[in-house]
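The form predicted alone is given below as one chain in structure tokens.
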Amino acid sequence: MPRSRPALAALVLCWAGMAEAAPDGAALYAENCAECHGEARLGGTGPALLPDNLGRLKPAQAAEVIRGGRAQTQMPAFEGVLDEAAIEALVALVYTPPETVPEWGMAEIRASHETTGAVPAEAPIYDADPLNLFVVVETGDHHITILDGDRFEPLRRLPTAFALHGGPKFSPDGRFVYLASRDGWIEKIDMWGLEKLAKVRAGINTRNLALSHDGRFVLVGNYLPNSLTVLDAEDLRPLAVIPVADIRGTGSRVSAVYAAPPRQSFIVALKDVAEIWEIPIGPRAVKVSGLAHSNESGAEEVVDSADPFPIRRILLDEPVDDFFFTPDYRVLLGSARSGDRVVAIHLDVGREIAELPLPGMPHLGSAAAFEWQGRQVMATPHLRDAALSVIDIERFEVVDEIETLGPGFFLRAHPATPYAWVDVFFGPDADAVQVLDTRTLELVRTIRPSPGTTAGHVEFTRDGSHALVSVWADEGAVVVYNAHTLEEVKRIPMRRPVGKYNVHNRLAAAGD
């Protein structure tokens, strides 16, 4: 039966009332969130609240953070202040991309730059081996712990920016460590004095940073905006912002930046365009934005160049990322966008020289190289398949496929031990770490540090005598194993220790 006009009018008024009653996410954000997270959601004392910056935090988890707050941070609990409809409206807002791309150029970067006033220590303030320290990244409450790799005792715990990402990078002598957060904050810490020295926000959404072979420059790769930021490694002053676009002007996110020490250059992986960039950093100094640097002899030398960071473009058939470099940095292996093959690109000649069918989406950035039967090989886990692939990196051919308990994320090896360790990060056996005998290419042990809790990211001590494994839980731990007997030695409580980085080992693998 058709509705009467009064009935239709009442229904329209009802719908209008419901629409008026629906929570306004933008208004709620302005009232409750903008003071800490910024009016444009770009972050402030709190992290940026943009979809890409939230990383692996799912909407349901974000709602829980709004309700209950975040322990040991300034994030308060809004349960009892906001009802469920308001919380859901805020969640919907922060997972919605902004209508316009936010500005973050040289002016904004310079305005964010801060130094702490701390003076670098003249000598280590501890009696541990400075090259056998670990930087442990704890995302449970956004801290790092500096860990003595001989005694396995924490030396100091320091707060960091929200959601560190891409791995710490050390200066060539191990004196300083540089950290990057997903929100673009770059921090410099004195590894002798264990104090923070400077910070700057190099982007809105950042992938990682790299440090030049001579320790002069920090290069930061950003998703948002599409840019590279060059910083002075001495105090993190911004030197240049390089827009990222291909030869046709199509913009691209930066997948990652790498240092290539033997080439005295940076290598840049681009997410959205079919190019790889190489940016040479020669021994002469450059002058950027009025800042001069000294050459190796100590005398100031200025190169009058309109383009102090020139870009060499290597054109490809399709985008590749997640790189592995041969030890001489002449060839890189990159995963094709399709995830079913790996291409070998000779950096000297600037073209593809080989292709390997690897359908499991190999995680080349976590691959490890070692010698097997007189051949130089590398092993890589896969993000999609339960397997390790072993590749001859001189002939560029797959020599073995090893079935694992599930897809993995991290693999580590060390010259002093015949065992490589790989996690099984995805799937029902995520609590397992498997040990590969690099002499036989057989898995010889499965270790479960905390049954039922995800385990991952192995790192060795400087001498390779011990392997450290992370238990990825808010009340987690770093578990130390004898790398020869494979037996547990010690368990150190940590707040979701997602990664551990040994100074000596990371310097030995300086480009990663």
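Note that the structure is predicted; figures quoted are calculated from it, not measured. All residue numbers refer to positions in the sequence shown, first residue = 1.
Another form exists, predicted together with a small molecule; not displayed. Remarks below refer to it.
Put simply, of F425, W277, F78, F176 only one has a heavy atom within 4.5 Å of the small molecule in the predicted complex, and it is F425.
Shown without its partner, this chain lists L209, A379, I204, L236 as candidates; in the predicted complex, only L209 has a non-hydrogen atom within 4.5 angstroms of the small molecule. Contact check for T326: every heavy atom lies farther than 4.5 Å from the small molecule in the predicted complex. Shown alone here, F409 lies within 4.5 Å of the small molecule in the predicted complex, counting heavy atoms only.
When contacts are judged by a 4.5 Å heavy atom cut-off, K196 does not count as touching the small molecule in the predicted complex. Contact check for S255: a non-hydrogen atom falls within 4.5 Å of the small molecule in the predicted complex. Looking at 88 to 96, 111 to 119, 400 to 408, 159 to 167, the stretch with residues near the small molecule in the predicted complex, meaning non-hydrogen atoms within 4.5 angstroms, turns out to be 159 to 167.
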